[in-house]
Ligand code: 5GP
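Just one chain follows, in the form predicted alone, and it is written as C-alpha cells.
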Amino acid sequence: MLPIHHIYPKLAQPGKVVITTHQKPDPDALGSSLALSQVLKALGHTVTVISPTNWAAFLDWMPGAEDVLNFEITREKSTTIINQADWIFCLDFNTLSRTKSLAPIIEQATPAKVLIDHHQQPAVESFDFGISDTTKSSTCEMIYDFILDAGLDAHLTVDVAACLYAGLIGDTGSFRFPAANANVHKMAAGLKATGLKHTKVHEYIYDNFMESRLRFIGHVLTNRMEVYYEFNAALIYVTKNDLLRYDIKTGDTEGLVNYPLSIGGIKMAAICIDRDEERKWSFRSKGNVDVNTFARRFFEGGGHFNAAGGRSSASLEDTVKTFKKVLKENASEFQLI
C-alpha cells in the first residue's frame, strides 16, 4: 500500500469515484464518506457513496445522505458503478470483511483502492494507496487532515464541516474519550470557522429518537444488565424478543454499551445483541484494559484499544456463557483485577 500523498496530484483529473464504508455505518463512517464525497464532487469527480447496508435514521439529515446507495437493495446497480469506477475509497474499516456482502465485489474490482482508517491491524495488502493511523480519534479527523494536506481547504464548506463534526463527536464521545487530544479541538475550531452550528448537529445525533427507544433502554438496564464487581466488568445482553417488542431499528442500540462504564469501578463493558444471522458484540473500556485484543482473541473481532466489536455464530445463551468464562479466566491478564 503506497502512502496516501501519492494520490494528491491525481485528484486534479476528474474521474469516477466510489466511496464505501463498513456495514451499519455510524456517524464517523457516514460522515467521513459524505464529507469526502462533497469535496471530490467540487473537484469535478463523479462520486457515488455506497453503504454495504442500511444506516440509522438519525443520520438522514447529513447533506448528501439521500443519494447514498444501500448495496443490499441496489446490488446490480452498485456493482456496475463499482466496476466502472476509477477509484474506490474505503473509509473507517481495516479489512474488507467489514463491508459484509459487498466485500467480494470490492475485492474483485480493478479500480485503485484507497484506505483511510484508524483501526488496528489493517489488511494493507487489499489496498493500493492509503493511510492507517490508530492515533487518530476518527476517520472524520483523517478526512479533515486529507482535505488540508491535499490543499483542498477551499472546499471545506459548512455542509462538509457538519458531516465531519458528526463523526468527530460520535467517535470521541463528544470529546470525552482519550483520543480527543489538542488536534481534535483544533479541528473542531476549524470546523466552527466555516459557520457550523454545532448545537444542531448534537441534536440530530443525540436528541432524535422515538419514545420506544428510551423505554427499551430502561428495560435493558433493568432486566438485561449484569455487573461483575469481582472483575470490574459489566454485560448487557439483548434478546431478539427485546428488539421486536420495542420495534428497535438500526442505530437504536448505539451508545448503549457505554452505560455500565458510568458505574464506579467498572473498567470494561460489553453488549451482545441477538441478530438474525449472528450475535453482535461491542466492547468498551477505560484506561489500560485492551478490549481490541479481547475481541480478537475470543469473539472474531477487533477495533481500538478501548473500543472494539466482535461476533459469534453461537446462540445468545452460549456466547454469553463464553463471555463469562473467558472473563473469569483472563481478568488478570487484561488488568481488570
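Here the structure is a predicted model, which means the values were calculated and not measured. The numbering used is simple: start at 1 and walk along the sequence shown.
The protein also exists as the form predicted together with guanosine-5'-monophosphate; that form is not presented, and the subsequent description refers to it.
- With a 4.5 Å cutoff on heavy atoms, Pro52 does not count as touching guanosine-5'-monophosphate in the predicted bound form; it lies far away.
- Using a 4.5 angstroms limit between non-hydrogen atoms, Ala307 touches guanosine-5'-monophosphate in the predicted bound form.
- Interface residue remark: Ser285 is not counted as part of the site for guanosine-5'-monophosphate in the predicted bound form, having no heavy atom within 4.5 Å.
- When guanosine-5'-monophosphate is considered in the predicted bound form, Asp60 lies well away from it, no heavy atom lying within 4.5 Å.
- Out of the listed residues Lys113, Arg98, Lys136, Arg213, Arg98 is the one that sits within 4.5 Å of guanosine-5'-monophosphate in the predicted bound form by at least one heavy atom.
- Exactly one listed residue, out of Thr172, Asn94, Ser78, Asn232, brings a non-hydrogen atom to within 4.5 Å of guanosine-5'-monophosphate in the predicted bound form: Asn94.
- Of the stretches 66-74, 294-302, 39-47, 52-60, only 294-302 has residues with a heavy atom within 4.5 Å of guanosine-5'-monophosphate in the predicted bound form.
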